[in-house]
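Only one chain is included here, represented as structure tokens and corresponding to the form predicted on its own.
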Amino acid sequence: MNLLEENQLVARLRKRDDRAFSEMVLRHQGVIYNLCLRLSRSPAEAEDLAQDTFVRCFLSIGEFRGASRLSTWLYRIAINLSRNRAKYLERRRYDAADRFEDVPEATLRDNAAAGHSMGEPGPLPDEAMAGLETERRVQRSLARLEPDAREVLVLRDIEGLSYAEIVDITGLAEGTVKSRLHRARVALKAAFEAEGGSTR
């Protein structure tokens, strides 16, 4: 979606156009759901968080000034809702590592064929099983990170956002983002090795 189309969509959202809301959800639901899933590690919670993100955006669209892309603002809403949910669960002694649900990374990709196109040969059974186990180790390792560390790691290394975008989404200084990302990568490596994975 180019900037003109996005501005038109925002203008329609401000007029409380139901079709514009549906269009926004269709355009962004995959990315927002995947972000929430990686942060919450629970498909049910991720679905709730994603729905809440779109509803919150629609209800507060008047606060959107257009200084960033709509997608960036959606990321910010999703991050804030995920933070609030994590705090709520923490107060109830919620242990994310114990509650972890195995969600292979392949299911988080936009490509429904999990990394290969239809008609292309898939991996051999042994390779597929090894890959699936590695994905599960990565996801369990990611779930063990502190929420703040997981947040920047997901935004930078999985979602591929720029430092400027992460600064805009999180409200952190760029130096803080970089140092937190470095610590998150070190922690992820240690957690992955503790899961029995090799980082060689």
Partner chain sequence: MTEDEERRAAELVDDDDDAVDPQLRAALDHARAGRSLARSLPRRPAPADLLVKSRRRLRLRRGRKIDLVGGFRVRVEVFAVVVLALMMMVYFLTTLL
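Quantities reported herein were computed from a predicted structural model and do not represent experimental measurements. Numbering follows the first chain given and starts at 1. Definition used throughout: the rigid core is the maximal C-alpha set that superposes within 1.5 Å between two forms.
Absent from the display: the form predicted together with the partner chain. The rest refers to it.
When the partner chain is placed as it is in the predicted complex, are L3, R12 and P147 each within 4.5 Å of it, taking any non-hydrogen atom of the residue?
No: no residue has a heavy atom within 4.5 Å of the partner.
Can A67 be called a contact residue for the partner chain in the predicted complex at 4.5 Å between heavy atoms?
Taking the distances in the predicted complex, the answer for A67 is no, it never comes within 4.5 Å of the partner chain.
Quick one: does I169 come within 4.5 Å of the partner chain in the predicted complex, counting heavy atoms only?
Because no heavy atom of I169 falls inside 4.5 Å of the partner chain in the predicted complex, the answer is no.
Is it the case that S42, even though its partner is missing from this view, gets within 4.5 Å of the partner chain in the predicted complex, heavy atoms only?
Heavy-atom contact with the partner chain at 4.5 Å: absent for S42.
In the predicted complex, does V138 have a heavy atom within 4.5 Å of the partner chain?
Yes, V138 sits close enough to the partner chain in the predicted complex that at least one of its heavy atoms falls within 4.5 Å.
Counting only heavy atoms, which residues in 16-43 are within 4.5 Å of the partner chain in the predicted complex?
Residues within 4.5 Å: R16, D18, F21, S22, V25, L26, Q29, G30, V31, Y33, N34, L37, R38.
Aligning on the rigid core, do we see the C-alpha of R27 shift 2 angstroms or more between this form and the one not shown?
After core superposition, the C-alpha of R27 moves less than 2 Å between this form and the one not shown.
Superposing on the rigid core, is the CA of R156 displaced by 2 Å or more between this form and the one not shown?
No, the C-alpha moves less than 2 Å.
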